[in-house]
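What follows is one chain in structure tokens, specifically the form predicted alone.
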């Protein structure tokens, strides 16, 4: 997910050319208070007039701030694909925004439920309530972690290895998996430090995150490099699924590959590898063995 400042007309126009899976137009941290009114109208206009090759969401200001409701009223009329709530802490916040979106969908003639939601957890309270937030509305598609605010709330600082966020990241993955929604990691703001960025992407992939937020187009391909399965991984996944299909045809409950037993979790992981590969164009279903 690539953030683009909502007060930057050039980024609003060109955000779709960099190859991100998702774009988030930011009305919160990237926009100063004097610019918030103009920014939300810029974003609404961009959503109406530009066609983007990927899903597009809007990070609103928190619903408790003087700008949150105005953000929603303005941008919902242009039908973003999703709304991202920052600093989520309770299920009641999610339910309130769900109600506002439902009213807007009816008012503007949009299909009910067509605008999704996600929230970023940026405090211990939000982390404790992550599962309840993720299940508070059928619109919820993902949880995210806001690393900078979370670390600040812990009264510590960010380190290169990310030790201070390890527990929070793991707990957020648990909550998302239990709720059945995606989970997205925080941004890495030092765009010059590609080595540490790549190490962080490797870490969050190993923890189970579905993707990472980025603040600069240069970081997009680095995320793809880490998340794209290798040829060896794709080949092995194909063989696992081919063995599974063969066992089904033989109506056999025993599945083996090169003398090793294949069980249900291995089949699930193989399917996930091919799904990732297909998402980045490294595999097509017709290539199945």
Partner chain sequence: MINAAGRDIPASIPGYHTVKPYRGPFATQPDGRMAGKKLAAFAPGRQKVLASLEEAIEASGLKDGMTISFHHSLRNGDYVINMMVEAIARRGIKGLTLAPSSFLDNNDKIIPFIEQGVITAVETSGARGKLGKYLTMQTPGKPTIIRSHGGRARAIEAGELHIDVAFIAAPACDRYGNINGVQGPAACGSMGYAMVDAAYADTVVAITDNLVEGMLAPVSIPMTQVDYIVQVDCIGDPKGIASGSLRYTSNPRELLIADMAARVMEYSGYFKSGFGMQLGAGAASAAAGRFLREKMIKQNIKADFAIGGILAPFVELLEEGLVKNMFDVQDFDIRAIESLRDNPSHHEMSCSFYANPHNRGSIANQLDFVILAATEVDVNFNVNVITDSNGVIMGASGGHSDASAGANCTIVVAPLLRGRLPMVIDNVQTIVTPGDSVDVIVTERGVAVNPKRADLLENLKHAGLPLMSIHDLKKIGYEMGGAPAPIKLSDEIVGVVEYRDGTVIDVIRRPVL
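Residue numbers count along the first chain shown, from 1. Fair warning: this is a prediction, and the values are worked out from it, not measured in the lab.
The following text describes the form predicted together with the partner chain, which does not appear among the structures shown.
Student: May I ask you to state whether residue 251 is within 4.5 Å of the partner chain in the predicted complex, using heavy atom distances?
Tutor: It does not: once the partner chain is placed as it appears in the predicted complex, residue 251 has no heavy atom within 4.5 Å of it.
Student: Taking 4.5 angstroms as the cut-off for heavy atoms, does residue 50 touch the partner chain in the predicted complex?
Tutor: Because a heavy atom of residue 50 falls inside 4.5 Å of the partner chain in the predicted complex, the answer is yes.
Student: Give a yes or no for residue 17: in the predicted complex, does one of its heavy atoms lie within 4.5 Å of a heavy atom belonging to the partner chain?
Tutor: Taking the distances in the predicted complex, the answer for residue 17 is yes, it comes within 4.5 Å of the partner chain.
Student: Looking at the partner-bound form in the predicted complex, is residue 218 within 4.5 Å of the partner chain by any heavy atom?
Tutor: Residue 218: yes, in contact with the partner chain in the predicted complex.
Student: Tell me which of 50-58, 252-260, 238-246, 34-42 has residues with heavy atoms within 4.5 angstroms of the partner chain in the predicted complex?
Tutor: Partner-contacting stretch among the options: 50-58.
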